[in-house]
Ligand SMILES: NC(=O)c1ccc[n+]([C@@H]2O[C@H](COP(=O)([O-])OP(=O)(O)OC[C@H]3O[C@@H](n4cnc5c(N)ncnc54)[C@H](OP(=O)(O)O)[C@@H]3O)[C@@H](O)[C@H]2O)c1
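This document opens with one chain alone, in structure tokens, the form predicted alone.
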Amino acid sequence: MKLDVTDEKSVNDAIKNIRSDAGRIDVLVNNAGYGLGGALEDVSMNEIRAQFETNVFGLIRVTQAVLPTMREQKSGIIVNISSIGGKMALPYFSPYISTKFAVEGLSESIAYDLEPFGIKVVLIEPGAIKTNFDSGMVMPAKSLDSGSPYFKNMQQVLGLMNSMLQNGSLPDKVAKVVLDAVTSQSPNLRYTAGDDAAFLVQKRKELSDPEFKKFVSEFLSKPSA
């Protein structure tokens, strides 16, 4: 069934059809999203708005559409696909990172609101996953221009990201985490997913801000595979 998270009519029509066919909605997985790269100076406001429209406002739009049904049922689970980028900042992806920080805060807040209605909220925080995420990534033209003062460092980061994705965990690892969460009687608020995710989140907890910045800088200085 077609559903465009950036189109309110598309969302409402799809939810209406699903409820008509199935009579209820038990699980919502908010998985729509894409990456917008580039140094902030090289990214246009329109590109940033489009990033938030899909990654944040789209998630909100679909969630709002299913909540009346879940409240009536007094049950349901909402799974928001975040990222380890919602737990820690990484360079040259500030618009994308900002959307994932927003999803984290939004999810944690609505978990309180929805608990009295029997609705649970779960955050999934994947690391590098071997998907087509890189092919769907949007790169502003200015960030790909060799005249940009950020060009050299941006190329280094892109090379490392592509290497990480090519060697990332398989998508079924994320699917298993989602399935475990939605079938649990008492799911956690947060789950990491992927071989590198738990390690990086733990590093962020253990290290001070200067220490973590040094850790990331040293990692980015490594030659890409």
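On a predicted model such as this, the values are computed, not experimentally measured, just so you know. Position 1 is the first residue in the sequence shown; the rest follow in order.
Missing here is the form predicted together with this ligand; even so, the following discussion is about that form.
> With the partner removed from view, which of 152-160, 30-38, 66-74, 175-183 is the stretch that lies within 4.5 Å of this ligand in the predicted bound form, judged by heavy atom distances?
In short, 30-38.
> Is it the case that residue 127, even though its partner is missing from this view, gets within 4.5 Å of this ligand in the predicted bound form, heavy atoms only?
Looking in the predicted bound form, residue contacts with this ligand include residue 127, since a heavy atom lies within 4.5 Å.
> When the contact criterion is heavy atoms within 4.5 Å, does residue 3 count as touching this ligand in the predicted bound form?
The answer is yes: residue 3 has a heavy atom within 4.5 Å of this ligand.
> Closest heavy atom of residue 133 to this ligand in the predicted bound form, within 4.5 Å or not?
Residue 133: yes, in contact with this ligand in the predicted bound form.
> Just checking whether residue 93 would be counted as a contact of this ligand in the predicted bound form - the rule being heavy atoms within 4.5 angstroms.
It does not: once this ligand is placed as it appears in the predicted bound form, residue 93 has no heavy atom within 4.5 Å of it.
> Quick one: 54, 100 and 165 and this ligand in the predicted bound form, is every residue within 4.5 Å by at least one heavy atom?
Yes: each residue has a heavy atom within 4.5 Å of the partner.
> Identify, from the list 88, 121, 106, 81, the residue with a heavy atom within 4.5 Å of this ligand in the predicted bound form.
Of the listed residues, the single hit is 81.
> Can you list, in sequence order, the residues from 190-218 that come within 4.5 Å of this ligand in the predicted bound form, counting heavy atoms only?
Result: empty, none.
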